[in-house]
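Coming up is one lone chain in structure tokens, specifically the form predicted alone.
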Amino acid sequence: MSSHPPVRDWATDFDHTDPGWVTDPFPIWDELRETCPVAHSDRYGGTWLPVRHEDVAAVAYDTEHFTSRQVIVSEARPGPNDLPAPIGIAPPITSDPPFHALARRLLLPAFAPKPIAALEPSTRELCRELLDATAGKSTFDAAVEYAQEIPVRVIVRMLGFPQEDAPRFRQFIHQIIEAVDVPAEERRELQDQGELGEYFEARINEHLANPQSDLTTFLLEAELDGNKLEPDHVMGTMILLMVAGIDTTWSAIGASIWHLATHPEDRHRLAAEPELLPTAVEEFLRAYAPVTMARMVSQDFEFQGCPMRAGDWMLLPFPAANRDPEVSRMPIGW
């Protein structure tokens, strides 16, 4: 929850940690599309917010004026040497072209259909175990007891880490993703890479001594231009897989459950027509896209009539773009 004062004008003072945004951002996006499609706020040292599909896509593909060197809007703004090019702190998501393409391409074999399909039986069994654990309960928190448990355990397994370490990953996620509105110095202390870095360094050393058939060993053995990856590249990508694999997945599962809980007509239809499930999954991912990430303005220029300065944040709400009526006729449906 935000520690900032409440937002009074979303066009000139927006804050993505404000309780109003967190609880129900959809009417905020709808109003901004009509009145101020590229909003601005002085918070976080200067932040811009496009909400139309056209503008979000334009920023996402414009690597000349926007850099991915930092993808989380927070009070702790990166300095010129904080995120060295071209790797970035969490490649490939924090890498700019042309390095981004190389860093992304080397991961593709690990996420090809065959290795991912091999995870399905154990993941289904995990889901059954979590649901069985709710037997006899009149109510339970589906977000905490179900949605948040799945990706943590699956990612731990993919990385080849001990399952008993899974709860620690929730703390890591909080440090990196959630505590974005605390003062810069406090955030730096909270996000001190000490514990996180020491944990991953220990797992890397274990895998160097005893290679396994998992993502950690895959990264340790991967090569770019005939050379093994730099240690910072290996650890940064592992941290990215943890953060991106866990936070986005539990958000997507939780949002889908929330939708079905608040739209009984959709829940009843899926129960009666299970063949619609693949389409429903795609619609959940579109309408409740679990990614709102950032770019930074890399040079002074004007975008959609807005004078942007180098170093400004650009927050990209992909679910807002996906709900733009210019490209989507309905909020959700199948």
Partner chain sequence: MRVVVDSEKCQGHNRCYALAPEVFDVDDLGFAFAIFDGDLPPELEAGARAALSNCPEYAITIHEDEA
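Quick caveat: nothing in here was measured; it's all calculated off a predicted structure. Numbering follows the first chain given and starts at 1.
Omitted here: the form predicted in complex with the partner chain. The next part is about that form.
Although the partner is absent from the chain shown here, none of R33, D181 and Y288 has a heavy atom within 4.5 Å of the partner chain in the predicted complex. Shown alone, this chain has one stretch from 104 to 112, 88 to 96, 145 to 153, 226 to 234 that lies within 4.5 Å of the partner chain in the predicted complex by heavy atoms: 104 to 112. This chain lacks the partner; the member of H65, H53, R69, H40 within 4.5 angstroms of the partner chain in the predicted complex by a non-hydrogen atom is H53. In the predicted complex, the partner chain lies within 4.5 Å of some heavy atom of Y61. In the predicted complex, the partner chain stays beyond 4.5 Å of every heavy atom belonging to E273. Contact annotation for E282: at least one heavy atom lies within 4.5 Å of the partner chain in the predicted complex.
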